[in-house]
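Only one chain comes next, encoded as structure tokens, the form predicted alone.
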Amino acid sequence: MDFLVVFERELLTFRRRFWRYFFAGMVNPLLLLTAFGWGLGRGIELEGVSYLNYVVPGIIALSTMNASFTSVGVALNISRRYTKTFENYLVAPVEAHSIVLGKVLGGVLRGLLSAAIIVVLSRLYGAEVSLSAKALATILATAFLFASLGMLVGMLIWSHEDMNTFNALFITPMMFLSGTFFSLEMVPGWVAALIKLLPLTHASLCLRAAMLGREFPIASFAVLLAFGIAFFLASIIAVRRSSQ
């Protein structure tokens, strides 16, 4: 239960900065919902539903990704590179898996807050989507996946500049190329196959199916879990190596 010590610290930070996280989490969703839902998507249907209803699950997926990844990866990069506070965990009698689990759970919490904000905002914008148990499970899996990825990247990347480079090369492209704003049926088959290599694609597919009442893609959900477990285990190895 050592991870509770780490998570308690993350929870304390979350409480202190809750309103900062809350208002920061509203900016991008408001812009995306206005631009794609009310602006470009007004009067357009995609796969038999209004574009607003179609795009909301994608926005939830990418916002959960951003919040979970950033809250762990960027914070960890700063604590290792500048404030040196992460070293306190390495010298403390806490196992590597407990450090990783506590940090990742903190990122999951941020991801859930971001998703909750978008669900509320989407209702205000008139979206008709349901928040089912499968949708909640997908949001949790997505938050866990990208919080674990943030932990791994934060342990492997040393400089803040390299973190920005990783965001530019991997995170930002995923936001726009993972079927968040368009249907994979609109692109050539080989392009769709490449897009399905991105974990956010499977988060978008699962959320869209769950929130629009379609057949849930079990295979995509399994891919989400596989990515999450792989990143989590790799993060444990990275923490162990840094403590040696």
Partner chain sequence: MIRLEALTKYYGEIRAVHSLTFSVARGEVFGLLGPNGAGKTTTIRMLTTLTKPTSGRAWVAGYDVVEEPLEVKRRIGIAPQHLNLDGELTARENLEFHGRLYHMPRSERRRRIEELLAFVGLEERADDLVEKFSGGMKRRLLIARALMHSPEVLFLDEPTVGLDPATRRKIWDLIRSLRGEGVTVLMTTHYIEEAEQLCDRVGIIDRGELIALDSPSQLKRRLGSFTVEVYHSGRVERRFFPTREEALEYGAEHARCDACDFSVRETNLEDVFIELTGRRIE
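Residue numbers count along the first chain shown, from 1. These numbers come from a predicted model, not from an experiment.
Just so it is clear, the following notes concern the form predicted in complex with the partner chain, a form of the same protein that is not shown.
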| item | value |
| --- | --- |
| Check all three, R9, T13 and T83, heavy atom within 4.5 Å of the partner chain in the predicted complex | yes |
| Residue stretch of 93 to 101, 169 to 177, 120 to 128, 144 to 152 approaching the partner chain in the predicted complex, non-hydrogen atom distance within 4.5 Å | 93 to 101 |
| Contact label in the predicted complex: D162 to the partner chain, heavy atom within 4.5 Å | no |
| Heavy atom of A238 within 4.5 Å of the partner chain in the predicted complex | no |
